[in-house]
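Only one chain is included here, represented as structure tokens and corresponding to the form predicted on its own.
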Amino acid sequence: MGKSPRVLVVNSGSSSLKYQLVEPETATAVTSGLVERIGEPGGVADHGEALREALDALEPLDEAGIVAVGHRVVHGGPDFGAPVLADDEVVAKIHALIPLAPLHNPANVRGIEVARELLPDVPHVVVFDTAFFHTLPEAAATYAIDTEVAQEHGVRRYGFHGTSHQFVAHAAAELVGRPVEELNQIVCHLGNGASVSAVRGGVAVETSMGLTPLEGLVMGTRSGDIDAGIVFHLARTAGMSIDELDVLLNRRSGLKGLAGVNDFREVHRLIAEGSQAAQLALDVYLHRLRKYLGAYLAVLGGVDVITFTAGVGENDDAVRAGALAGLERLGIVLDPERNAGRVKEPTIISADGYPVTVAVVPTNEELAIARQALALT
């Protein structure tokens, strides 16, 4: 038998490049790695050198079996609702989207450019974080601001973590043994960045992140939802600039802003030591998450499966339990033993005999990107 086709998945960040060689058909990661400190003292000079280092770490390229390269791009804007083959026109369009994602898209597109130079003989497929949410109804995607301003500047709800939400929704359907087309699902992607989605029949109908990844849930360092008037208030009374406000809301807020730390292990440690600030941070986090769960129950008209995923969702049983506590009248009841500890594989954690299944499904964005890349080649 021949070797299964392999896809090199590249996630190019501003100062790092993650890579993974994946066999989509066997769901196997053959090898993976991370090149850090790109452009910094002691690190590699640029993304081209970083990718060369990654390729050198693989087995000889002519024996690696690479049939495609899959690239993660954070923002696909209004035009990209599905994976696409990377050509010069696509790369130019991703460049044009940089104002919508100035922290992410520049590095993402640079990764595509250098990979096309170094691996010119295989197709390159771009998978967008926003693509899964391209299906949002207009009522969910539209902000109630002046229509002309919104259209001119691309202001609408795009959503993020879409690759993860889509992968987890399908994996959860497989776990419960029902077609995804039959299910109403809520997916909670809880990591340092966090988002929640409402999925009807495998199609996203609502999500918490918006024009940018700042909206929605309380996160590690991001505020999530706030009254937009806070921005005007701080600009006028504190004299804060746009850049200072950006740093405040994206890097000095969330758990870090409330408790001084953005790692839940540290939050729990501080609570155990009697920290009221850490307890408040946890309470605010859970309160916001429960608000979204309730809202999406209403949007869907009822839910069949609630799934937790990503770093916090997979590892923190206290957050899972706290998010769902007191929802028994809605048919949502956890089994404490099933919920206990870190969950490493798709697992049902709800008690038997209730209408809502609660699950933990570890996300695998690299596998999802690899499968989508292979399907397009």
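Residues carry their position along the shown sequence, with the first being 1. From a predicted model like this one, the values you see are computed outputs, not experimental measurements.
What comes next is about the form predicted in complex with adenosine-5'-diphosphate, which is not displayed.
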* Look at the stretches 87 to 95, 296 to 304, 189 to 197, 109 to 117 and give the one with heavy atoms within 4.5 Å of adenosine-5'-diphosphate in the model of the complex. => 189 to 197
* Non-hydrogen atom contact N262 with adenosine-5'-diphosphate in the model of the complex at 4.5 angstroms -> yes
* Asked: Is S350 a contact residue for adenosine-5'-diphosphate in the model of the complex, using a 4.5 Å heavy atom cut-off?
  -> no
* Residue contact check: A310 to adenosine-5'-diphosphate in the model of the complex, 4.5 Å heavy atom -> yes
* Heavy atoms within 4.5 Å of adenosine-5'-diphosphate in the model of the complex: does R329 have any? -> no
* Asked: Along 325 to 344, which positions have a non-hydrogen atom within 4.5 Å of adenosine-5'-diphosphate in the model of the complex?
  -> R342
